[in-house]
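Structure 1 and structure 2 below are two forms of the same protein chain, each written out on its own as structure tokens.
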Structure 1
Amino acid sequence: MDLLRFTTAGSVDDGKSTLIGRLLYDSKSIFEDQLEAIEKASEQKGEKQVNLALLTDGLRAEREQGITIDVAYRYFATPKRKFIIADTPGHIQYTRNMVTGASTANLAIILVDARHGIVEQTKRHSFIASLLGIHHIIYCINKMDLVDYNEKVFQTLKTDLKAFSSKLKTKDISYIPISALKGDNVVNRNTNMPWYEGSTLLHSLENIHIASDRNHIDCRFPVQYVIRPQNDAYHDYRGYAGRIEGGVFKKNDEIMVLPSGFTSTIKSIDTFNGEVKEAFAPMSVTLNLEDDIDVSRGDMIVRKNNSPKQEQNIDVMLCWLSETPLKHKGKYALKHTSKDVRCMVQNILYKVDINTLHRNEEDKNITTNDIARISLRTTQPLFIDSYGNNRATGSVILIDESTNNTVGAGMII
């Protein structure tokens, strides 16, 4: 079955956790013991009805404050598709957690409180979703029950969101009026909004087309590990293990290994379940080559006439995650696919104003949750694509070498 990864985002108290709880509850994806546990927890808190938000808010601090702090992952399936949900925090101070949860998503559900309309976090999360290369956004206008299911409120918000989202790179955007608390238009259609003729949220999630989102043209295989069993059954076996990040590899294909430039032919493609004739992203496989050539972790196997760029000077859009500001001319460890290098911040070009999406070239102070364009110089060449072409080979993370903390996530321009 097809797998859809999606993330929920929005401001504090927009109802993200309640929406996921309703989605799981109405699609019959909750076990009896889970339901009993949240019923008991709701009763202890003196709530009149079951608080479905408790399904994802598992931390004690989250339940005490009624907010999401860490990313919570939930899994469920319908007859049509499997899903992995990342419930991300709405607080501005936890934007870094939202970046983490959204980095692998195919789709983003951004909740907007029908009473409050577009707020700063709506804009911030929309921009981050677009920046992270998420191809599909669904704006859920939530809490319609608190505005008496007024069509005019929905249409006004939809117009405002269209005007704002026209500045984003994401083109597949839809709008659904819902009540997560009551379950209106989440899994089942209701009679409270007869004026809405679109699909429910679950129907949209089941039917949205994601097969063409990945790059199946440019072959990219970063090598993670060299497999040498050295036993009687596989005495001379030498395989290169990793995850395909782009394109389709087939048996007998001519390939080239970077950075050496040596060429060979694929002898076999091995998986946990046996040999396959072809493999594509995001499969994890082991490539066995016809020739014995020097290949190690951090190298990349590509098609002979389709190579990524080899660069040491790279420009990235950076989401800064650390409480310690970015240092101009500062040195950091950098991870790109399976390659580890060191880098220096050569220049801070501009910071993005989240509210207007305009560039601020005067303010070069990059602190927690800021988004900026910077130039980096690496100690070794990287084999890169633009983030728009390939999210895996077009992304980097920066690590503070003194603390080993991940301090920045960058998208290569």
Structure 2
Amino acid sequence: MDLLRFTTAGSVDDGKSTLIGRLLYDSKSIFEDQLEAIEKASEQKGEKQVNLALLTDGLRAEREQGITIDVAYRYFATPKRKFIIADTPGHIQYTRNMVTGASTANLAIILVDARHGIVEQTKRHSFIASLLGIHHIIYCINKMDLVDYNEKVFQTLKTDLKAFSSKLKTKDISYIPISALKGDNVVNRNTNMPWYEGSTLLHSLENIHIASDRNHIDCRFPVQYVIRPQNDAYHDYRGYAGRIEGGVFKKNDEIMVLPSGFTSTIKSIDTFNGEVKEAFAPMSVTLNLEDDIDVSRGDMIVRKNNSPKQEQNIDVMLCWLSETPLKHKGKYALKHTSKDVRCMVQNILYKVDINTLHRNEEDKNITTNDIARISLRTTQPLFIDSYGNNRATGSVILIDESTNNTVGAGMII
């Protein structure tokens, strides 16, 4: 059994909450007391049916306004897989939440209302999924019950979506006609759409191949923490703790430490349960090196013949998360893997209109939810890959030094 993380997106009222409720309900992940609570709440609101959407309502403010305003995480499992859903709101003013949810997802479900077809939001959500490096998109054409389960509606929409999504970086895209409300093709197949021969949504979620989505070629090990037991049994032990963010490290591999450039070999890969012969992303391990060289947090251990770029001038696609606009020539704290540096915004190249993907080189006013390409200069070199090659070594966050808030999320180009 492995783990799949996915995010759900759609415009308001496309049926996102109903769909998640349906997935949880039909996969028997909802408990009686939860069901009772939402039955009571539905009744209070004067609704006839139990509103499955209420299951995924989180905070009080949201309950009162009846909207989702933050990323909420949900969990369910089948005998095949455990699932983590990043449930994110669809409205344009919450682009940043969607970016947050998408940043750790393997897959995105994008809901489309069968009656309305492709709308601005569909394009925006698709673009964000693709920008955030999500490898798999499933378009769920929802509310098929309201168009009489008509195959033609589905086929036309599928053709439109195909034409549009061919421009995306994401290559694995599928299309499923569903009714979240009635449950058709979500977990169970119904007789309402005999013309549909593909798999149900849950079946797809259970079977999509995700193991090869990670980079298992370029070895990257950002050092997180140095372990020095200083006890009798491990007197001279120095282990470099961290998580493998790319490639496969093996015992006896020749490695190089950045930025020093010192080389050594891996003496052992240690874990609490004993040595392992090899380790790959995303394993947390401790590397023990043959030679006594100086290594500390923020350094990166790589293979001798395969280094990331070492750069101080970095171009990123930036999603701005803060209400305070991005300052041209402004200075920010920057985090990249386990490294902390500062940076200055050198240049704002263009802003992306996330509905049309149009590049606007005139408008340099970057505020909440904007996506822009910018150039940064950092106080020290970073060891980077492009985001497309490696999500972990290709991403940065910017922090406002006066508030300590995370204000920007950047994907290295």
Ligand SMILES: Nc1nc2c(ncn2[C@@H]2O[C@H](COP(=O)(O)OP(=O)(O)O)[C@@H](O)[C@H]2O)c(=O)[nH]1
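In this text, rigid core is short for the largest set of C-alphas that superpose within 1.5 Å between two forms. Note that the structure is a prediction, hence the values are computed from the model and not measured. Structure 1's sequence is the ruler for residue numbers, which start at 1.
- Here, the chain labelled structure 1 is taken from the form predicted on its own.
- After superposition on the rigid core, the Cα atom of Met256 is displaced by less than 2 Å between structure 1 and structure 2.
- Once you line up the core between structure 1 and structure 2, the Cα of Asp148 ends up 2 Å or more from where it was.
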